[in-house]
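So this first bit is one chain, no partners, the form predicted alone, shown in structure tokens.
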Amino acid sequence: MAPRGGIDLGGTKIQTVVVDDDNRVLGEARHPTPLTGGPQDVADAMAAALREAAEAADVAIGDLGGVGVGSPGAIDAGAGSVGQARNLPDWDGVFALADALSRQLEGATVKLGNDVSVATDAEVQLGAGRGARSLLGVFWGTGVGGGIVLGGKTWDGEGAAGELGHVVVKQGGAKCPCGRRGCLEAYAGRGAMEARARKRHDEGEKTDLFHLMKKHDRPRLTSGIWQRALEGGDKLAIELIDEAVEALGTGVASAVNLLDVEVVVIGGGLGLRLGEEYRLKIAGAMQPHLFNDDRPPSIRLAALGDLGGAVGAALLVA
């Protein structure tokens, strides 16, 4: 089988890989997700990142057996389109992403999947979820995504299943980037947390978050910036992260009560960066809300790291 490409499209980064038959990474590249422009600008950046990964793997784009893409938003795999990807610049409508990429990648076959679903599939096949018949993937980053495996099979619903970030954790609560109120993502999504931190900083509250952002030349409050602020004892960062953990505990436990999965895998930029300490904190925050509190699911960290989403995307064309 020919090498395959995988693209993980996130709110802050585009991670690409080229893998072989055994899903070993032959080459990889990471580019920042454009902050301005629109869907075509994002597609251009995705194609450029994959070409760089192919060059690192010493593989010609035309020799790829296909390219899989994990994207946020509502995915129409048959049409090759993405809609409702509000964590991306000016992406309010539906965009034919597969066609746009194929044109730039020498006519390569491009298949789309939800970013969290493909990352969850990768963990089930290759990582922390191996052997599990039922699993919930929780990806804590710019937003909060969920992937669902039931009976050993991914559940995509009508293309938008697993929107864990839009489970309501507080009626009439904080406004979410999706425009609704009380969503988990309004409290735990890195984008929403940054907006709340900036508002309070502008109102005069002390924090090192934005000093660290400038010091490390980051355009946003990345997972690494939040980690540094926590390690420095920043009171605002600690407060907002603690609120995020409580919201995650409520939302994830509610999903577990509905689905009764045996394993929960925690990944995403913040989930991986904050690691074992926060895996335990999320598990503790879930416990008071679990119906079967004497039989909680196994809570595990994603094993494939930052490349898991891109490797999972490549599985779409395996």
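None of the values given here were measured: they were computed from a predicted structure. Start at 1 with the first residue shown and count on from there.
Note that the form predicted together with another copy of the chain isn't included here; everything after this is about it.
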property	result
Location of another copy of the chain contact in the predicted bound form, chosen stretch of 206-214, 117-125, 149-157, 222-230 [non-hydrogen atom, 4.5 Å]	149-157
Contact test in the predicted bound form: residue 295 vs another copy of the chain, heavy atoms, 4.5 Å	yes
Contact flag, residue 254 vs another copy of the chain in the predicted bound form, heavy atom cut 4.5 Å	yes
Contact of residue 62 with another copy of the chain in the predicted bound form (heavy atom, 4.5 Å)	no
Residue 280 within 4.5 Å of another copy of the chain in the predicted bound form, heavy atoms	no
Contacting member of 47, 261, 29, 272, with respect to another copy of the chain in the predicted bound form [4.5 Å, heavy atom]	261
Among the candidates 94, 195, 77, 168, the residue which, in the predicted bound form, approaches another copy of the chain to within 4.5 Å (heavy atoms)	168
Stretch 214-251 - residues with a heavy atom within 4.5 Å of another copy of the chain in the predicted bound form	246, 247, 250
